[in-house]
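Shown below, as structure tokens, is a lone chain in the form predicted on its own; questions about how it binds or moves come after it.
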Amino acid sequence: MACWYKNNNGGIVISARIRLARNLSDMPFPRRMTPQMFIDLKERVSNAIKALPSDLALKFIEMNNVPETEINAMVERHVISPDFAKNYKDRAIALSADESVSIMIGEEDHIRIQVISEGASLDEAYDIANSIDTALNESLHFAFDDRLGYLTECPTNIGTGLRASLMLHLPVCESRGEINMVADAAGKIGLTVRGMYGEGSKSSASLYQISNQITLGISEKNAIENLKIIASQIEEREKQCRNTIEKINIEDTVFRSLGILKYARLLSTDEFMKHISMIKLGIDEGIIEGRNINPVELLISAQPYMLMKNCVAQTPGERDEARAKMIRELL
């Protein structure tokens, strides 16, 4: 599996993610753990990770050793959750070389296994997450109840402990005000629609995460199948909406955005996200040549903390200038 944004081949479905919440049966939930318990937890998980098969090799990282800029950039790359970034002190993460697999240690639960991949490959991501889950359980012994399933700190995760999500690019549904209708339809079968960075985040670049809410009384496979069905319907609706717009109108919007990105000297995050969304639409619809352009990778690379990390651009003004320069050169 490769980095989800570096080789993104386009389409409405951007990425698939599987996350499993697990807790050790002989330790209290993180909220009730002492500092020494966290040290013990990290040591036990580290030893279990070292024993994983070579094809699942992960690097163990103490978050205290990671610069704060990189921590926030990891959120922007979807490697860690915003909540984990807010409370990273004395926590740890295990990470694959391509960042497609990460295990957050000491977030809301003892461990959060995450696999994220390009496109709609939920089954592939689940198979990898399940393999890691099974291997770690042999030595860590996760808390499990025959009636309730996996036990988690938050009751909403009890059962499978599974959160499956797909990120979709929905610019035309969004422009027509249909996102609320999409959210209502998803909610009827136990799914939720959120912004680009999950719970509490707003939409950016017309990107939305569709994920399951129900974890109790449903199997992991059924939860994934439900998500695939509703996501397919949403994808089809976006395609229908695109087909109802006159091509000249889409071309005009796309080329206006392309002109701004090719020649602007300053680009704020919000302005950039608006226009890169249109570039992606233009490439996907065959309006502009996108052979050498990966709008999803540009979208990630131009985020504030990614720029602070890679371009040494510290102030908002410096980042706006660095962002515009980077995009001009790439286009």
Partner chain sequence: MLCQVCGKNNATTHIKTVINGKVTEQNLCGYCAAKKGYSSFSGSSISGLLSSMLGNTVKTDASLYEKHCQNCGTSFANIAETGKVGCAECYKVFEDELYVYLKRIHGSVKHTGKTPGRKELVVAKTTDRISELKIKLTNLVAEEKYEEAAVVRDQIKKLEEEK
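Positions refer to the first chain, counted from 1. Since this is a predicted model, take the numbers as computed values, not measurements.
The protein also exists as the form predicted in complex with its partner chain; that form is not presented, and the subsequent description refers to it.
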Checklist line | Heavy atom within 4.5 Å of its partner chain in the predicted bound form - residue from I260, C241, I179, L148 | finding: L148
Margin query: Only one of S175, S139, S219, N87 gets a heavy atom within 4.5 Å of its partner chain in the predicted bound form. Which one?
Written below: S219
Note to self: Taking its partner chain as it sits in the predicted bound form, is E76 near enough to touch it, meaning that at least one heavy atom pair lies within 4.5 angstroms?
What the structure shows: no
Check: Quick one: is G159 in contact with its partner chain in the predicted bound form, heavy atoms, 4.5 Å cut-off?
Finding: yes
Margin query: At 4.5 Å between heavy atoms, is D133 in contact with its partner chain in the predicted bound form?
Written below: yes
Item checked: its partner chain contact at F60 in the predicted bound form, heavy atom, 4.5 Å -> no
Next item on the list: Select, from the options 43 to 51, 295 to 303, 266 to 274, 22 to 30, the stretch whose residues sit within 4.5 angstroms of its partner chain in the predicted bound form by heavy atom distance.
Entry: 22 to 30
Item checked: Full three-residue contact with its partner chain in the predicted bound form, heavy atom 4.5 Å, for N249, V254 and G290 -> no
Check: So which residues in 89 to 119, when you check its partner chain in the predicted bound form, have a heavy atom no farther than 4.5 Å from it?
Finding: E108
